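Below sits a lone chain in structure tokens, taken as the form predicted on its own.
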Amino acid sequence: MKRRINFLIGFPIVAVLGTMALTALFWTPYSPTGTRIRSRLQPPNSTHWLGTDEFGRDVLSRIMDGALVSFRVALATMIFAIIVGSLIGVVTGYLRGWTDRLIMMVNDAMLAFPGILLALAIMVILGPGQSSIVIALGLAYTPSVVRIVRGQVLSLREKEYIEASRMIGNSEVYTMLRHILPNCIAPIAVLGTSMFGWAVLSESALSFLGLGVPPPAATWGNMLASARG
């Protein structure tokens, strides 16, 4: 890894942001939502390292708290999409037949929409909030997980150990959970790491548009939106 330029550049950035989010769990220099009108719009100084916003709130504290919000939403979205998508993908790929055709028809229709547009449509229905973002982004990313897991299951279901599991009398559910699903972990892990980054960007985009976590909570998206002026 030391010879890979992407790792040498990317790892320190991710480490700094991750440390910032973890630190915000226990400490921030100031309250991220505390207003101080007399200190509004200050430039960076010894008291406020990154200055203050239009309500006198410390920008560094809000960036740290926003990192925590973004990471929390991204992690919950990734877990939601992986669990739901993996279960659907295993069932459709293993059972085949009309169940597979019907589910994949709906799945392909959802894949036809860009993930952020699908999430926007769901957010309009659910309204702003962290739980709404997790559900919206989770449903938007689930079809990708279904497609990858189903493809893996289609190759695994023909293996000899799967046939042996059927022959000794194991149920279909036991075979899927005990022999099929564990062998899908590798592609799921690769997809999950990418999905985490997508979810951070998507959450910021939704918050920028006013459909994310409502103010005064700090998120990177709504901080950018409020700073436009």
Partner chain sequence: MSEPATLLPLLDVFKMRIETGTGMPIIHDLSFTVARGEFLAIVGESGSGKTMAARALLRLLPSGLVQTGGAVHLEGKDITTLPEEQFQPLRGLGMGMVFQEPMVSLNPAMTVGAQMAEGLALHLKLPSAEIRARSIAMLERVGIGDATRCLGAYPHEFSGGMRQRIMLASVMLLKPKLLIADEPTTALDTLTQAEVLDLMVELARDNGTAIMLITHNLGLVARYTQRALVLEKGHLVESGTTRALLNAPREDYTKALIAALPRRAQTPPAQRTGEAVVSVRNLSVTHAGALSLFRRRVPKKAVDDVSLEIYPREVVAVVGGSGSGKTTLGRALLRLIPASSGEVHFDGQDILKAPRAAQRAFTLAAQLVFHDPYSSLDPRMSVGAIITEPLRHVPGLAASGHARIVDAVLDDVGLSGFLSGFGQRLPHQLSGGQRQRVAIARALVRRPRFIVADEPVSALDMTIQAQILALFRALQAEYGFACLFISHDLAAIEQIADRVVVMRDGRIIEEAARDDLFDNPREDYTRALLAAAPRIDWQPALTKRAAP
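Positions refer to the first chain, counted from 1. Note that the structure is a prediction, hence the values are computed from the model and not measured.
Not pictured, yet referred to below: the form predicted together with its partner chain.
**Q** Exactly one of Val190, Leu41, Met167, Val173 has a non-hydrogen atom within 4.5 Å of its partner chain in the model of the complex; which residue is it?
**A** If I apply the 4.5 Å criterion carefully, the residue I get is Met167.
**Q** Thinking of its partner chain in the model of the complex, which stretch from 31-39, 64-72, 192-200, 176-184 has heavy atoms inside 4.5 Å of it?
**A** In the other structure, the partner sits against 176-184.
**Q** Would you please decide whether Trp49 lies within 4.5 angstroms of its partner chain in the model of the complex, comparing each non-hydrogen atom pair?
**A** Looking in the model of the complex, residue contacts with its partner chain do not include Trp49, since no heavy atom lies within 4.5 Å.
**Q** Please check if Trp27 has a heavy atom lying within 4.5 Å of any heavy atom of its partner chain in the model of the complex.
**A** Residue-level check for Trp27: no, no contact with its partner chain.
**Q** So in the model of the complex, does any heavy atom of Glu54 sit within 4.5 Å of its partner chain?
**A** Although its partner chain is absent here, Glu54 would stay clear of it in the model of the complex, with no heavy atoms inside 4.5 Å.
**Q** Considering only heavy atoms, tell me if Lys159 and its partner chain come within 4.5 Å of each other in the model of the complex.
**A** The answer is yes: Lys159 has a heavy atom within 4.5 Å of its partner chain.
**Q** Can you name the residues of 86-107 that have a heavy atom within 4.5 Å of its partner chain in the model of the complex?
**A** Only a single residue, Arg101, comes within 4.5 Å of the partner.
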